[in-house]
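A single chain, nothing else alongside it, follows as structure tokens in the form predicted alone.
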């Protein structure tokens, strides 16, 4: 505390001393009959020289910082597409740096060369059409090259992949990531937010998940029948505010269950297999080296951004919208540990949008395996599919009832009296 007080006093005394020195200088100038705004030729030349020295110091600092901190310790790009991105970024750096050195060299050199000289009047040069055309057209052409190359790379990275690409979905929510791998058929099952539940957090659509969601919407602890009981039971006394809240919840759930029945009526059970063979991975994303991946992104709550710094890839994850990009990792984790000379190195998936209070911890470790190691890992995960893990009762072929309840036995007219046959499209 005492040291801080001493530092504060020193700063204050220094500020007062500087102010007094400036005042002494002003008074001495008046005594000499010199206006303080007048600058003699010696000072003018000295300032011009300082500008020239500053130019060289600025250029030296720029080069030094680029050499030392240019890639901020990320190492080389670990994907084929990332190397193209690095090339494009390097091209941009070359163009921008060239213009930086050129324009600043002219700026500071002209300040030095054309310093004010006694008796020499500045030349008035207001306009030149050729110069105007030159510094309009040339930057426009350079920007056009940058934009065209950037769009070409962007379209390539975000275009639909061929059948040789493995499909993986990355599901974001505050504050973690969940990966869903397409199964043997390499097709991700459909999803719908209305089916999201504790045992179906990704909202995958199958006949079973629709039936289960309808059952819980009707007969769950906070389901429609429970709310109706509270509203219609004369022995339960509710305040006006509680009654209004329950009525709003009931209205919302009735709308949702109508949509669920419509989904059930239009659902094609032939596509159930696309969801059943998907497998879900948390905490760590495993990838195979030299394998093309198409990533699909969606968000459960707010805007997030999937950022793979080492693969030079990033994509926003938007609620209600599926986005995508693709890349091919070409350096395994073990190889990168050797390149980075760091045994603790790991690739990482981060959120690059400030998505809430715990945004800082929203990340997922990424491990790139050799082809042999990945095949072993994938074979093990194929035994933990969505069907096996989330609906084990549906796995045995002999099971007559794969869901907790047969929702076809539920009479929806008891819930929606104004729609006698709720299985019809609403």
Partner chain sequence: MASVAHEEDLHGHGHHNHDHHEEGFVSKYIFSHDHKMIGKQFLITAVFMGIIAMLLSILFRIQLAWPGESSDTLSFFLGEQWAPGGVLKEDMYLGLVTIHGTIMVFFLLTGGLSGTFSNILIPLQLGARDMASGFLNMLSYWFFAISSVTMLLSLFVESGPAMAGWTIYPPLSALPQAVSGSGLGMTLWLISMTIFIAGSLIGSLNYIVTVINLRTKGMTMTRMPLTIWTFFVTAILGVLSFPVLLSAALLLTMDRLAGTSFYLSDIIVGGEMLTNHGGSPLLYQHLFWFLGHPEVYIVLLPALGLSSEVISTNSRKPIFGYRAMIGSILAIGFLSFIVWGHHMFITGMNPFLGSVFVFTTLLIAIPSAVKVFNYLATLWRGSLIFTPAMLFAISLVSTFITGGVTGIILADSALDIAIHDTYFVVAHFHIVMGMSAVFGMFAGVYHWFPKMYGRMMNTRLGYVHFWITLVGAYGVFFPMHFVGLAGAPRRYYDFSVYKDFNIDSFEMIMDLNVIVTIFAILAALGQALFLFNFFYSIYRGPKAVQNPWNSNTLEWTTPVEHMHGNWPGELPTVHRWPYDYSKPGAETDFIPQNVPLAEGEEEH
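Residue numbers count along the first chain shown, from 1. Think of the rigid core as the biggest set of C-alphas that the two forms share within 1.5 Å after superposition. Because the structure is predicted, anything quoted here is derived from the model rather than measured.
We do not show the form predicted together with the partner chain, though everything after this point is about it.
*Asks:* Taking the partner chain in the predicted complex as the reference, which of 232, 284, 241, 136 has a non-hydrogen atom within 4.5 Å?
*Replies:* None of the others qualify; the residue that does is 136.
*Asks:* Tell me, out of 288, 214, 351, 170, which residue has a non-hydrogen atom within 4.5 angstroms of the partner chain in the predicted complex.
*Replies:* The residue from 288, 214, 351, 170 that makes the contact is 351.
*Asks:* Mind telling me which stretch in 232-240, 88-96, 179-187, 266-274 gets its heavy atoms within 4.5 Å of the partner chain in the predicted complex?
*Replies:* Stretch 88-96 is the one.
*Asks:* Going by a heavy atom distance of 4.5 Å, is residue 252 a contact of the partner chain in the predicted complex?
*Replies:* Residue 252 belongs to the contact set for the partner chain.
*Asks:* Heavy atoms within 4.5 Å of the partner chain in the predicted complex: does residue 313 have any?
*Replies:* Result yes; residue 313 sits at the interface with the partner chain in the predicted complex.
*Asks:* So in the predicted complex, does any heavy atom of residue 74 sit within 4.5 Å of the partner chain?
*Replies:* Residue-level check for residue 74: yes, a contact with the partner chain.
*Asks:* Would you check, heavy atoms only and a 4.5 Å threshold, whether residue 163 touches the partner chain in the predicted complex?
*Replies:* Residue 163: no, not in contact with the partner chain in the predicted complex.
*Asks:* Within 94-114, which residues have a heavy atom closer than or equal to 4.5 Å from the partner chain in the predicted complex?
*Replies:* Sequence-ordered list: 96, 99, 100, 102, 103, 104, 106, 107, 108, 110, 111, 114.
*Asks:* Against the rigid core, is the Cα displacement of residue 26 between the shown form and the other one at least 2 Å?
*Replies:* The answer is yes, as the C-alpha of residue 26 shifts between the shown form and the other one by 2 Å or more after core alignment.
*Asks:* Please state whether residue 372 has a C-alpha shift of 2 Å or more between the shown form and the other one, with the rigid core used for the fit.
*Replies:* Moves: no, less than 2 Å.
*Asks:* After superposing the rigid core, is the C-alpha displacement of residue 142 2 Å or more between the shown form and the other one?
*Replies:* Yes, shifts by 2 Å or more.
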